[in-house]
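Presented below, as structure tokens, is a lone chain in the form predicted on its own.
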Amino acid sequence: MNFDLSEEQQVIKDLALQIFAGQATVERVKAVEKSDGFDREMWEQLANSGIQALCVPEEFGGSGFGAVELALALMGQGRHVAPVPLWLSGVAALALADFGSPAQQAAHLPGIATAETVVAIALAEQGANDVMNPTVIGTTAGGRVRIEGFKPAVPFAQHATLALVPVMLDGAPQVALVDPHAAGVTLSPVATTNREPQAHMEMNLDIPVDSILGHGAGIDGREALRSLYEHSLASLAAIQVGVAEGSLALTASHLSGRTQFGKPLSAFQATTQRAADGYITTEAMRVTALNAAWRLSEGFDARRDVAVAAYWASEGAQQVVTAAQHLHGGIGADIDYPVHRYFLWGIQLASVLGSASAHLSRLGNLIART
């Protein structure tokens, strides 16, 4: 791919960075964490700027962009650890645009564009966490679908008005569009490493059969779920790039301003070498994340590329944020100091992405089959 950004992409990147830099101050993020974990004022500002509508088709009030533009915005979010569910809205918009029926698109995409619709995506599974084999069971009967099962740690579920839930429907994987506050859905908020609002979802409810993503449009449910999963991994990888960038920026400032034996810490080879390793790792994360997003946006088979990006985002980010804390010395362990927040985000997102070994195993299987 050509890694040079187009003029429009550069504008999106700069605009997102400007908004997040101005809105996601350390004091404000702390205040949001102490409340419900969702910065609605920032959410509204993103909507007013058009960031929310990036991936919504133009006929529904959006800009019609794809995974690359979403990734650029998410890197800005990660750099300032901004507590908003931007990746969820972006990925959901892409899923609805690619696989949704005309009625589903008309019902949900305008609300995503204006930020009135807050989306949750329930990918995590209990046990082996095999997203492509959902444990939530759906059964069709008389124009209705009975949904029964449990989804752990669903991001922003308690704030969402729409949840995309993978289900095994009559023996085949599908994606259901569920109201997380409907009768028959029980939400149990849980504490998370990075203070992101999440909730377990216990479901025992009936939904209309036309609430299955793409119902009546002749779509392949497995491909819809695969696309949702791969776009989610690519988006989380993009956030991790921003997290690593922000962590390194704080570290560079600390090493330049802190003195030891009459010299700044940046004058010592051991500190600069470790910081340089973090920079190289971050650039590897950036290249692989953008490559995965580009292949997805172009409609190519991106399974290998997504696995590579997810590996770097999981393994690499943990290395970078850990090194940043170590290079800060004692202040790095102070939970009131900003660098600690990047550490929490890096570890949390690595957990959501899945282990590096799991992605390498997936990559190996893909290579072996081709």
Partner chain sequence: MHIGDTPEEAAYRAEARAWLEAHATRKSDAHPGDSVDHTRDLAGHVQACRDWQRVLFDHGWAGITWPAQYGGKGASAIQAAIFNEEMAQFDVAVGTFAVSIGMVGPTLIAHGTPEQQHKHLAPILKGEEVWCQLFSEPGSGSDLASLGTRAVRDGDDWVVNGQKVWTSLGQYADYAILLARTDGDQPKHAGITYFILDMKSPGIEVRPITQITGVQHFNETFLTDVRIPNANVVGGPNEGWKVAQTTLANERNFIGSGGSWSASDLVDLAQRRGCAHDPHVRQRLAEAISRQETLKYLGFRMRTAMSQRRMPGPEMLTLKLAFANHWRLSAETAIGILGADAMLWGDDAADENQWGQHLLSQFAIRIGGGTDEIQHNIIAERGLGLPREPMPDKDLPWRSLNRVG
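Keep in mind the model is a prediction, meaning the values are calculated, not measured. Residue numbers count along the first chain shown, from 1.
The form predicted in complex with its partner chain exists for this protein as well; it is not shown, and the discussion that follows is about that form.
If you check its partner chain in the predicted complex, you find no heavy atom from any of V26, Q105 and T114 within 4.5 Å. Out of the listed residues L162, V209, V185, L255, L255 is the one that sits within 4.5 Å of its partner chain in the predicted complex by at least one heavy atom. Among A172, A284, I137, L205, the residue placing a heavy atom within 4.5 Å of its partner chain in the predicted complex is A284. Under a 4.5 angstroms non-hydrogen atom cutoff, its partner chain in the predicted complex has T193 among its neighbouring residues. In the predicted complex, none of the heavy atoms of M132 sits within 4.5 Å of a heavy atom of its partner chain. Of the heavy atoms in A124, some are within 4.5 Å of its partner chain in the predicted complex. With a 4.5 Å cutoff on heavy atoms, Q10 does not count as touching its partner chain in the predicted complex; it lies far away. Exactly one of the stretches 106 to 114, 286 to 294, 86 to 94, 222 to 230 approaches its partner chain in the predicted complex with heavy atoms within 4.5 Å, and it is 286 to 294.
Contacts of stretch 336 to 351 with its partner chain in the predicted complex, defined by any heavy atom lying within 4.5 Å, are made by H340, F343, L344, I347, Q348, S351, listed in sequence order.
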